[in-house]
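Have a look below at one chain only, the form predicted on its own, in structure tokens format.
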Amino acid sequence: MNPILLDCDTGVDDAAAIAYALGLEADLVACTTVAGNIHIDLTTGNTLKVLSLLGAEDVPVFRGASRPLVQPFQDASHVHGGNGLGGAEIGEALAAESDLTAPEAIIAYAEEFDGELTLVATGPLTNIAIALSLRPGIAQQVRKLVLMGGSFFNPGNVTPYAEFNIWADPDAATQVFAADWNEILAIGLDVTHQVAITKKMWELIPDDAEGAVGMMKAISERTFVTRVRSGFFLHDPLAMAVALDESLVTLTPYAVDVVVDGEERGRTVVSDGGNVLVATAVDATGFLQRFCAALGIPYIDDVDGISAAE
């Protein structure tokens, strides 16, 4: 199993992605944090807390960029709650963040695991763009980059045109999509909007559940109760799942251009002939079954509930 470095802005679905990786005993060698869903202080603290709750406090965490390259910082706390974890309190961090900055750590791990490292990005791509600016050669040292971002053939989730991670730092995304990666996979809303924990599944989790499944019960409560949604989308867990098994999705090569400003800021525009492997279809049932098994969530075939998720 290849070593994985997760670059994240730990809100609710990043936390679920960490839990999924650990549930499958993936070789998670480090986490780097970035401002996105919430402020960098919270994304860093949440990452440490999630790892500690799941018994993985030995995984080092490196603090990254506190704002986008050019755009002003705007969070998604309206989705993730004020603390980024849907308001859930999941315990204290049992370890401190490490000394290196996130871009430095990305460079260091790319060199240490030359040709072997899988880089998974579930937040804005600021840290990775900075790392590329410092050391362009990491694109060839990283085995593959799997990012959750973009909406290539469907509407966005922050504007009619854009998915949040790309919209949050479109200048960074432009640099990352243009780099000469060995392999780059883009897991966008086209497929992540097909995978969700439904309210019926959530209700089957006992209120006194502990560990990963207890965390999922707590951090998704706001989605179902306060926001009155029928589904908790598994955007970031799907990106992690594809990093571990590409067969879960259909991948089609495209060139990807990003609109960096104006009304369509963050829009991901595809054209033929590029090297970005864009996910265009997903084995939703297969993934959901794996995700639920890894975390201990009761799985039911609730297609209507998933399709109704907002």
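None of these values were measured; they are calculated from a predicted model. Position 1 is the first residue in the sequence shown; the rest follow in order.
Here the subject shifts to the form predicted in complex with a small molecule, a form of this protein not shown in this document.
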field: Proximity to the small molecule in the predicted complex (heavy atom, within 4.5 Å), stretch among 232 to 240, 127 to 135, 112 to 120, 204 to 212
entry: 232 to 240
- prompt: Does any heavy atom of Gln175 come within 4.5 Å of a heavy atom of the small molecule in the predicted complex?
  reply: no
message: Check Thr32 for me: does it contact the small molecule in the predicted complex (non-hydrogen atoms, 4.5 angstroms)?
response: no
query: With the cut-off set at 4.5 Å between non-hydrogen atoms, does Thr101 touch the small molecule in the predicted complex?
result: no
field: Proximity of Asp169 to the small molecule in the predicted complex, heavy atoms at 4.5 Å
entry: no
